[in-house]
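Same chain, two forms, each on its own as structure tokens: structure 1, then structure 2.
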Structure 1
Amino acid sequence: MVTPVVPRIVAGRIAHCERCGVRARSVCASLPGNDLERLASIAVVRQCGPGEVIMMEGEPAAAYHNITSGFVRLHKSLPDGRDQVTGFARPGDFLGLASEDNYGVTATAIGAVQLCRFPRDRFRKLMHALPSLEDRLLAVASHELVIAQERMLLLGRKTARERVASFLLDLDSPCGETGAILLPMTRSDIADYLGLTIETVSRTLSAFRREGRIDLKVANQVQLIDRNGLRRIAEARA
């Protein structure tokens, strides 16, 4: 049996995929080796600098993007020219899903970002050929719907303390015993996303620190000390 020769550029992408620290949380998590090769063959690894636009609201949705490192700010333009932060994407998140042919939001890099870019047409063809990839994408879309519903609850019913606690817990992820999470976004962006003022966000974080629920050792990093307490606050049980 003759072993097929994998082009060097594709082999390099496969190696990149195999070393990827967020693969287990990414859209490619369900793919076995051979299928991963097919996905790697259409991927382009892209490095983005701080403030670089990854996709622009209203422009043709030409590609999908899988974040492998760094954070991304998601925002929409309002009719009066203002900008509304609608969310933050982090490693493992998949961007570019659109119900129409144009992007629904703008995605801007917060700091350095690395991502895998997949041309939309080629990705869709591959998705139809690989049922496991299609199932995974459906799961991603369903998760985004749940997030949208939770955001409606966040803005419509929760108090400032409940909103900030929910935000911190949402960013929380396995990160060792230190329990530290990154907050690379500005306080202004956090406030905009939560529907609060910058002063309210700062006061609430300071209150959580005084209460021993978090520690703010550096400006862009928070250590969660009392997760259960924060969870009780987020769920309006405290």
Structure 2
Amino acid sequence: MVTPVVPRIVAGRIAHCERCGVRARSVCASLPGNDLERLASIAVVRQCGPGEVIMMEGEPAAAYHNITSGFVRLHKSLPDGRDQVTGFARPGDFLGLASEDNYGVTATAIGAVQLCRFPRDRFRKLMHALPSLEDRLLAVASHELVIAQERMLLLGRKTARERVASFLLDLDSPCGETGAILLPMTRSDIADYLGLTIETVSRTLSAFRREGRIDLKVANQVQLIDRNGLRRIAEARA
């Protein structure tokens, strides 16, 4: 599944990340052009099919990845099958920061995914040679930590309604498009992300619809109507 390609093509793919705006979780965004080229020179393109494991919790952290297209589910599991999704990653996002010698989470492709794969040793060597890259990594890691702590508050202290409202608003902010939010993940992914069951997620979404806060055209397409109401629910101000 790992196909070496000529640097030029990969550079194009990495540069592509920049087009979706400077994303807080993107390492490539806002890197100088020649640093991007150096990065491209050590990258190989990797294609993954739906459900394919990109990296596995506990295995040696052999590489970092940058998502070119598709969505990725990051998660940890308990031996009895209980699953906690720690995050979703989108095009432009960087994978592998939450690793020491071994990967800390499993990354699974949702649908088809294309990535740039950076072998660990070569990447780290390059990181030491490129200060702007190391800076960017530290900034992304700090951002991820802030997000992670927000999620601890959600998982430890929020009710089901508060969790689902927070989730909808989180999806709303980053890339507002036609107005409707597309959910690339299943109810099961959402439930595992929010520390709930699929039934509770479904029931809560139905309740929000009944209350006129959202519109559910199709199961994976949500229109936010009463953003202020959702915000009040998410922040427990009501």
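Here, rigid core means the biggest group of C-alpha atoms that superpose within 1.5 Å across both forms. Quick caveat, the model's predicted, so the values are computed rather than measured. Reference numbering: structure 1, starting with residue 1.
### Structure, 1 versus 2, that is the form predicted alone
It is structure 1; that copy is the form predicted alone.
### Query
Can a Cα shift of no less than 2 Å be assigned to Arg124 between structure 1 and structure 2, given superposition on the rigid core?
Not so; Arg124 is displaced by less than 2 Å.
### Task
Determine whether the C-alpha of Asp83 shifts by 2 Å or more between structure 1 and structure 2 once the rigid core is superposed.
Result for Asp83: yes, a 2 Å-plus shift.
#### Entry: Per-residue C-alpha change between structure 1 and structure 2, Gly49, threshold 2 Å, rigid core fit
No, Gly49 moves less than 2 Å.
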